[in-house]
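Below you'll find only one chain, the form predicted alone, shown as structure tokens.
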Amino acid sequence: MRTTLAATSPEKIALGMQRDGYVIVEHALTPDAVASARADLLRLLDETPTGRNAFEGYSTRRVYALFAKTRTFDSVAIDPLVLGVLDHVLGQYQLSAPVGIQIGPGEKAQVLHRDESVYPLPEPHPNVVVNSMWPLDDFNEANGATRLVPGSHLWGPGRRPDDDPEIVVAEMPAGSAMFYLGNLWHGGGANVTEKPRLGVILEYVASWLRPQENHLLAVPRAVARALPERLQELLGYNIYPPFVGYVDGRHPRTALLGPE
């Protein structure tokens, strides 16, 4: 499903994800927001090594601990449209793996995978992961746009994409957003151009599961204290009802805002 920001809503996106496993929303970010985020991430990428294995990508740079290093995605992470989608699909959630990803020239296609496979949950089960991709360059097949298998979120347990699945390339202009379910088979594409392509993923997970990145250690407390309250909650300073996540019997934000 592909739509524009003016013609969409959290409900429509959630329905599109339920049907196809993903939805592309064009014009989700303004050109100024794209330019600002791109410039700040390029600053960080100058000091970022390439990947350590084939999955990370030997010609790919990944900016981990994103909210410790840049403020350009604070408002995106808590945007009403984003949170509305998450409310419909996950209910209670937090950030799992926010990462800036620059796929460099010569990078090979990433193996198709499902983001939720890191959790050893019996299948079938309710949705536990929602990911969002934010391209800061135009994404196309040549420069490594995300490949995905529409409808694969509905496959039964044990089924995997074969050597010739119905792969779709998520081509989209910079400033778009792609929402996709954690059980959708997908992977980064090969970059056969001479220029890198840059994007950011903001992955969310149900609050009763451990996030992939430990944000409480990755984001210094002094930085977290200055963030919007909703973003603090998404970084782990939250309670999954009735009381999962407490600190010394109290809400974790009490510990965050209290003395060291």
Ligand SMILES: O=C(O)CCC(=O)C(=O)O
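Numbering starts at 1 and follows the sequence shown. If you're wondering where the values come from, they're calculated on a predicted model, not measured in any experiment.
Here the subject shifts to the form predicted together with the named molecule, a form of this protein not shown in this document.
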property: Asn183: touches the named molecule in the predicted bound form, heavy atom cutoff 4.5 angstroms; result: no
property: Close approach of Gly187 to the named molecule in the predicted bound form, 4.5 Å, heavy atom; result: yes
property: Partner proximity in the predicted bound form: Glu107 to the named molecule, non-hydrogen atom cutoff 4.5 Å; result: no
property: Ser176, heavy atom within 4.5 angstroms of the named molecule in the predicted bound form; result: no
property: Candidate stretches 69-77, 112-120, 152-160, 86-94 - the one whose heavy atoms come within 4.5 Å of the named molecule in the predicted bound form; result: 112-120
property: Heavy atom contacts to the named molecule in the predicted bound form at 4.5 Å, residues of 57-74 in sequence order; result: Arg62
